[in-house]
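In structure tokens, one chain follows: the form predicted alone.
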Amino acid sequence: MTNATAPLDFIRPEVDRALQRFVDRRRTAFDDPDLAAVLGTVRDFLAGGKRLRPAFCYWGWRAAGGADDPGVISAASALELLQASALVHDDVMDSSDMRRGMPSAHRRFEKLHVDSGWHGSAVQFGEGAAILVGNLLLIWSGELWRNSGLPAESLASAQPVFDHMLTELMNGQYLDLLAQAHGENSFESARRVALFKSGKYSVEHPLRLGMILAAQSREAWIDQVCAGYGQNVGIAFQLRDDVLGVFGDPAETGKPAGDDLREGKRTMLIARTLELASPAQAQSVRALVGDPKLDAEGVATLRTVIEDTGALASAEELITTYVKEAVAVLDAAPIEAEAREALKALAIAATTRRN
């Protein structure tokens, strides 16, 4: 591995092909012309994505001694279907307009309703259709996982982790909604939401799934590596996401600038800003975060406050610290050498990304 993106560069085309084959095999279920919009939305949505979760799963497999096997690519690709499901549902809950540079699923169906001149509420139709698409992707995730081609005993060993990951993701989504309903929160409470909503199912559990699939048992050292490495990278990953949600380039993130601010996301970055802010700065943050009409000037004001309080610098320092702690766990772990280097590179790729 010569650079931070090499482990991803290897896995992306493999996952792309696995997902395309899977969807193609289900094409006959969408022969009714009225279902074309559902299949088209799924295809378009699955065409994007960084494939981080499959990468962590694959290199977890290799770290525990697993040999190259097309079955592990299929199993890992199931995590991309899970991610797509979560994003579709997340966009409905957040009323997000864009995802991956395209209209979000519910906006896409809403437009279909308007353009077709159908009866009833276009908004309600769009949200309902998107919920169904998200459910379909969730169902397909389990189907691809079960039919990956890996030995039954390997899948049985890892199934409890897969099931727990799904439950934990739903709990994290609820905690995110709850945080927004409560309003202001502490950095630690925002960190808890980030860990359950994103960090665990983005890094820790995919890594654990790969390791258990290879080892066919949940050994103590596997849990130690997955918790120590996975949680540190997972939190750093979400912190980077928080920063991109405010400072990212829409051309690269695929979402409008400041979207997280309009949605009132109670992120670790906003929590740290309020902790460090003067009374006047805190008042400005509270007045602007969560305003659905927040314009470019308001976004610029919040960016200035986040930088001036030192919250942005603090987030960058924390990301660096979390990644260093994750790498230290890898260095002490009894894992295969190439996989160790790949996981180090993945930690960097996941936390220094621009989208």
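Computed from a prediction, not measured in an experiment: that's the story for all the values here. One-based numbering along the sequence shown.
The following text describes the form predicted together with a further copy of the same chain, which does not appear among the structures shown.
- Distance criterion of 4.5 Å from any heavy atom to a further copy of the same chain in the predicted bound form singles out 93 from the list 87, 93, 282, 73.
- Comment: a further copy of the same chain is not present in this chain, but in the predicted bound form one of 98, 166, 215, 257 has a heavy atom within 4.5 Å of it, namely 166.
- Highlighted residues 119, 171 and 174: every one comes within 4.5 Å of a further copy of the same chain in the predicted bound form, counting any heavy atom.
- Contact check for residue 220: no non-hydrogen atom falls within 4.5 Å of a further copy of the same chain in the predicted bound form.
- At the 4.5 Å threshold, heavy atoms of residue 278 stay clear of a further copy of the same chain in the predicted bound form, well away from it.
- Although the partner is absent here, residue 180 sits close enough that one of its heavy atoms falls within 4.5 Å of a further copy of the same chain in the predicted bound form.
- Though the partner is left out of this view, residue 128 does reach within 4.5 Å of a further copy of the same chain in the predicted bound form, counting heavy atoms only.
- Stretch 157-165 is the answer when you ask which of 227-235, 268-276, 157-165, 245-253 has residues with heavy atoms within 4.5 Å of a further copy of the same chain in the predicted bound form.
- For the stretch 132-157, the set of residues having any non-hydrogen atom within 4.5 angstroms of a further copy of the same chain in the predicted bound form comprises 132, 135, 136, 138, 139, 140, 143, 146, 147, in sequence order.
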